[in-house]
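The form predicted on its own is given below as one chain in structure tokens.
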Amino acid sequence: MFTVKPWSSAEVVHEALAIGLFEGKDSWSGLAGEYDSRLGGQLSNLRKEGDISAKRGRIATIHTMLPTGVKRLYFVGFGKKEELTFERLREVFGKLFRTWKQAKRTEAAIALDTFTTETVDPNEAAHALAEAYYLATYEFPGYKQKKSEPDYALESLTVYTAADAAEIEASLFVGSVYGKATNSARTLVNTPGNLLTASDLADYAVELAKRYDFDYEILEKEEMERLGMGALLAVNQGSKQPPKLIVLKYQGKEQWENVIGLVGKGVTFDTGGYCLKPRDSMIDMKTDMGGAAAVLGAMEAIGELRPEQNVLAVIPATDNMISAEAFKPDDVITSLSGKTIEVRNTDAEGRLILADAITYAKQHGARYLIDVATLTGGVIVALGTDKTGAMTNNEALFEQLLEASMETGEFIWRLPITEKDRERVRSSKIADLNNSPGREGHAIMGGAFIGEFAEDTPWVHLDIAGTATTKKDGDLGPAGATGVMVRTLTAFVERFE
């Protein structure tokens, strides 16, 4: 879709051309000034009247009325040049693409060099552009019998730049991978639970493995019983749908060493079990596999980018239902690690299935662990819906993940785990661990419980309960699933040392 070319005004013929504007006297020079001259100074008049503005997020559409060349100019405001960041650039690109989508533009061009500064170079701008296109124009197809409109797609986008074309093409490719992989995760999370069971999730993972030549393993219920995965099996007891433990292996090094383990919670629907959720809280529990989607999205990106790393993805998949066989409060279960767990809350099921998955990842070579889960409502109370909660037992690992999150604009905030927190999850009088020691510090209790299974292995826990979905349309996508942490996990793996 993307074509990279050097600028030559005589050859520029497009339905639309986007030009970036920054506040300041010099912002009307260059390409904007060139078109102003061709149009007899009319653009300057429109700018004086406020129809064209350099304020951040303002987009002005100007019909040139030229017999040849560009039919429409889109002036995109960025505010002060020194305040431009990668994240702001991506958001404004997203707004531009949503504008073009609404106008049904299928062919357009961008003067990339007008969107760059000393702090955001052309390669970063190209990455932001491609990523923003896929994020901003994403739609979940849904299941209506008749669609009112065909799916939108920008069929051709020419990127004009004086920078090295091969480097810009490479950056556009990476940005596209990040955007497409995030959208894949969004679609998984948006899919209803009756259409995305644990078996369906396993089938999706197998297709991914075949596409990218990953080794894979799907553990069935019988194998879990033989191995002793009592925590995952307990959560699945009330369901007619069999559980799956999904394992993908990407080997980017000659030796299977220094393996990064990515573990994603895959609860395809959560009723809360016998600790039943209220009706309003149960709606949208199809999204309780957001952690699994994030890991699968990251594996898609890893398959495209082929980093020199070893990555093991482990996804415990099941729903949490009610029946005569379902597990109950006061049950005691034995996990794969051998640790026993007193069940105080059947709605604290995510930490149970992650316990067995983390143990399995360690047994199969993971030396570093990152788990991703829509784990607790408590993290939303603590941090809101725009911040992912993080907990860790290893400063160096967390700092690398934090750097990746800052690079991708997926905000994370660390919560502490103290020795008193660990004592609380060990507070059962009849078992090694208590899966729900109380509401105080709810998010921390979930992380501390999982940390009991990570033990000394460097580990970071990401609670995405607040960030996995959004209720509002934005510049980078519609309401619904966000695909959060796909890009952060990918950036982390690419740059891990």
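It should be emphasised that the depicted structure is a prediction, and the values quoted were computed from it without experimental measurement. All residue numbers are counted from 1 along the displayed sequence.
This next part talks about the form predicted in complex with a small molecule, which is not shown.
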Discussion item. Considering non-hydrogen atoms and a 4.5 Å limit, which listed residue (378, 230, 193, 238) is close to the small molecule in the model of the complex?
Written reply: 378
Worksheet, complete the sentence: From 90, 186, 244, 265: within 4.5 Å of the small molecule in the model of the complex by heavy atoms is 265
Worksheet item: Are any of the heavy atoms in residue 444 no more than 4.5 Å from a heavy atom of the small molecule in the model of the complex?
Response: no
Discussion item. Even though the partner isn't displayed, in the model of the complex is residue 392 close enough to the small molecule, meaning a heavy atom within 4.5 Å?
Written reply: no
Discussion item. Can you tell me if residue 345 lies within 4.5 angstroms of the small molecule in the model of the complex, counting non-hydrogen atoms only?
Written reply: yes
Worksheet entry | Contact label in the model of the complex: residue 172 to the small molecule, heavy atom within 4.5 Å | no
Worksheet item: What stretch, of 201 to 209, 230 to 238, 96 to 104, 285 to 293, brings heavy atoms to within 4.5 Å of the small molecule in the model of the complex?
Response: 285 to 293
Fill in: All of 277, 349 and 374 with a heavy atom within 4.5 Å of the small molecule in the model of the complex
yes
